[in-house]
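Below sits a lone chain in structure tokens, taken as the form predicted alone.
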């Protein structure tokens, strides 16, 4: 307690690191606490071969993600186009096909060879969905009557009412799980208003997965840390934050620290586990209880070469196979290795996590072989990042809102509590669930602290 800081940051993910960096650049004295033994949170990488890193967390960037692109440029981190040369594989109801197109909600290129009636059912429903989404305000959803009506429904109810075919229903369920809309979640878990707003604020039409990063996104946290004068405490979880008119006292299991302000840069449900004195406003506490993380494990599978390219395939596949619904080529051209990123999501995850480690690997490779052939069964590395099992993260990609949450509790999503400010991709108004959203909230929180300190 001998030293008093201008600001303490709770959480050393991308948001926490950017907030700390910006405050220090403004001449402020900061201290960062991180419960885990590494910095970066869901911005986590691993080196698996010369010139080949894998991202166990987020990895892509798109052309309108201005704040993330600016960060990459600032640190001179080069990018390359996501590999998409060749045909995409679709497996639907055990029928495999290759086509020169892609769909994540809106469709690009050729359509797959599904019956015309089923494809048009999905396309018509998507047009309805997208038009409804674009009618929303770009700001956080307000608790007006129209939004309350949308918020009272699950996405599953909307799908049932707006599609007539099995393929149409799967198309939107796949979007809810694979793309996530800040989840991922099963359609019956998530509010219709939430997925509409997710599509509005972080649209796939803006190609957020257009590029990958040489040496991976996981390299970025260490670059930021070099600016922070070693004022980061790892393996030190914050358990209590006390504030009054004069300042803030932050308690960890190792000590008590004083500051003028605090930025809590954590997913809302984790932030809600901290004890606050005085207590958080009831609406903020209630929001934290109702804002769960998505259910997803990410798998990175590498091969000596991207063998699928010799078959004329893009290394991208989607379908309603038993375990994986989406995978994408994540190979860095500098390495010559082949790397696939894939995911086990939603209800599939709940079944998969009950298997032994060897069974988990076997069933995923078996699914991949259906898409890419027998060579998929013999990887050189197989890495699993089980985000729901990480108590300091709780899931991935990000958090989602069940029915009723936005219009009852959403007004508190980023509202400061006296000397406490909030950051994190979950609370971003633009690009929520992405690195860009994490940076935007960090910049806003740091700016608010500086303004309050004047």
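Numbering follows the first chain given and starts at 1. Small disclaimer: the values here were computed from a predicted structure and weren't measured.
Keep in mind that the form predicted in complex with a further copy of the same chain is missing from the display, and what follows is about it.
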Item checked: Site test, 97, 205 and 385 vs a further copy of the same chain in the model of the complex, non-hydrogen atom cutoff 4.5 Å -> no
Next item on the list: Find out whether any non-hydrogen atom of residue 240 is located within 4.5 angstroms of a further copy of the same chain in the model of the complex, and reply yes or no.
Entry: yes
Notebook entry, point to check: residue 40: heavy atom within 4.5 Å of a further copy of the same chain in the model of the complex?
Noted result: no
Margin query: Contact with a further copy of the same chain in the model of the complex for residue 138, defined as at least one heavy atom pair within 4.5 Å: yes or no?
Written below: no
Check: Could you tell me if residue 115 has a non-hydrogen atom within 4.5 Å of a further copy of the same chain in the model of the complex?
Finding: no
Notebook entry, point to check: Which one of these stretches, 389-397, 54-62, 40-48, 25-33, sits within 4.5 Å of a further copy of the same chain in the model of the complex when only heavy atoms are counted?
Noted result: 389-397
Notebook entry, point to check: Among the candidate residues 200, 290, 87, 233, which is the single one with a non-hydrogen atom no more than 4.5 Å from a further copy of the same chain in the model of the complex?
Noted result: 290
Notebook entry, point to check: With a further copy of the same chain left out of view, which of 311, 165, 134, 157 would have a heavy atom within 4.5 Å of it in the model of the complex?
Noted result: 157
Check: Hey, which residues along 346-370 are within 4.5 angstroms of a further copy of the same chain in the model of the complex, non-hydrogen atoms only?
Finding: 347, 349, 350, 353, 354
